[in-house]
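As a starting point, one isolated chain is supplied in structure tokens, in the form predicted alone.
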Amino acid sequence: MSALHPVIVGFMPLLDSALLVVAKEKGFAAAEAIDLVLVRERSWANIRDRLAAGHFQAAHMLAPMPIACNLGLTPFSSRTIVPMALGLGGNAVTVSASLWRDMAAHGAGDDLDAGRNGRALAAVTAARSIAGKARLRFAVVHPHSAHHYELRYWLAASGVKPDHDIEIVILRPDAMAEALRSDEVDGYCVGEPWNSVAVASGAGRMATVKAAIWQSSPEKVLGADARWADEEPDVLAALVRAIYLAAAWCGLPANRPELAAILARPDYVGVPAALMLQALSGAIDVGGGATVQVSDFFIPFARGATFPWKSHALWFYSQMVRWGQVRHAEPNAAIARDTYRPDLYRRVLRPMGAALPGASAKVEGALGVATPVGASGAGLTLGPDGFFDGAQFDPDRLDAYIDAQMPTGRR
């Protein structure tokens, strides 16, 4: 490529758009001869539809969304591949001030402990049922989102029945805090900075975070139109290299203040840099004057944060089956597995000496501590990657995992 090649990429105003924003703003895309055009969108459905319509060549996407597109679960979609993830962690569960008071009366604490605070929420929902009060209403950003599946996983493992004990509705990320303030919802799961916005306004308290529910798990990925990827493999490779280098830049603590300032611009996330910096540093203001240090709240580069693990894809698929979005069948599992493309990731980044895992899937929940693993290129340390309830997900035992989680009536 001798001239800059235009690539149009859609994104949502969220913390984890950072890798795309930095690829453009710090010149990593231009160095790869890409004219990276970032288009800010208002909803995840718009992102999906405009990728399918060919308006975008690639997009900042919810990690399960490309799988749903390829499974035909969306009304308007195209074949989509995931050549890389866009970091690990990054979301939280925030509840209204009044719900937090009720949870605190049942033992909830400021430490973001998913188990303890989940049990407190279960006690509140049980008490409301006995008293004949309306179900609590929580919001997520899309039916095919990590937020949706992780919220349901947390609720179910805590003794709360989604859809029976709690209603779950869909809202745009930037509408969440106002919905909480106006009592339209009692809580939500969303990416940063939209939890911190509610806390800063006094409308909400953070109950737990993604890193406490499922450590070292992806929130967003780079989704690419498969037709475009087939036609322009060199451009896709250049884009992956640029974002990988941007991730490395984002991962340096010294760059956090500058990154927060860039993301705070109105054309990107458009909230004060101080709120962005909380999530980048892991010093999380949970509300009520309490700050909790969550070192792995958002990981843009370390721990193989941009590697597209097939085990992540299959766990999201298992939750689609669990909650009745798709029927489990080997062809469907294969579609989910093949949506994530570690082969492309390795092919593009191996010449750069990037740290590349030797495997494409792992047992999620098996690493209790950060663990050096075999890798080509630079050294690589993974995990911890546990679920808060101590469960493990072995992608080689997918059938048994799905069967164990399915409601009795649907087995």
Partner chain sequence: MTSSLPAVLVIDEDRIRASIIEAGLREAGHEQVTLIHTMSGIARRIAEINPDVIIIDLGNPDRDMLENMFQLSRAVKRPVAMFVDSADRLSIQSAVEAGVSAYVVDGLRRERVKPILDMAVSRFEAYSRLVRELEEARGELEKRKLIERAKRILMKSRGLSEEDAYALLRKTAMNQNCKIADIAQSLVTAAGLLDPDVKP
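Residue numbers count along the first chain shown, from 1. Just so it is clear, the model here is predicted, and its values are computed rather than measured.
Form predicted together with its partner chain: not shown, discussed below.
Colleague: Is there a non-hydrogen atom of Pro162 within 4.5 angstroms of a non-hydrogen atom of its partner chain in the model of the complex?
Modeller: Although its partner chain is absent here, Pro162 would stay clear of it in the model of the complex, with no heavy atoms inside 4.5 Å.
Colleague: May I ask you to check whether Ile170 falls inside a 4.5 Å heavy atom distance of its partner chain in the model of the complex?
Modeller: Yes, Ile170 sits close enough to its partner chain in the model of the complex that at least one of its heavy atoms falls within 4.5 Å.
Colleague: Leu277: heavy atom within 4.5 Å of its partner chain in the model of the complex?
Modeller: Output for Leu277 is no: heavy atoms all beyond 4.5 Å of its partner chain.
Colleague: Hey, in the model of the complex, is Val141 touching its partner chain, heavy atoms inside 4.5 Å?
Modeller: So Val141 counts as contacting its partner chain.
Colleague: Sort through Arg137, Arg265, Arg227, His328 and report the residue having a heavy atom within 4.5 Å of its partner chain in the model of the complex.
Modeller: Selected residue: Arg227.
Colleague: So its partner chain isn't shown here. In the model of the complex, which residue out of Leu380, Ala52, Ile34, Leu367 has a non-hydrogen atom within 4.5 Å of it?
Modeller: If I apply the 4.5 Å criterion carefully, the residue I get is Ala52.
Colleague: So, Arg337, Gly358 and Ser360: all three within 4.5 Å of its partner chain in the model of the complex by heavy atoms, or not?
Modeller: Not a single residue of the candidate spot has a heavy atom within 4.5 Å of its partner chain in the model of the complex.
Colleague: Taking the partner as it appears in the model of the complex, which of 22-30, 37-45, 348-356, 382-390 has residues with heavy atoms within 4.5 Å of its partner chain?
Modeller: Answer to the contact question: 37-45.
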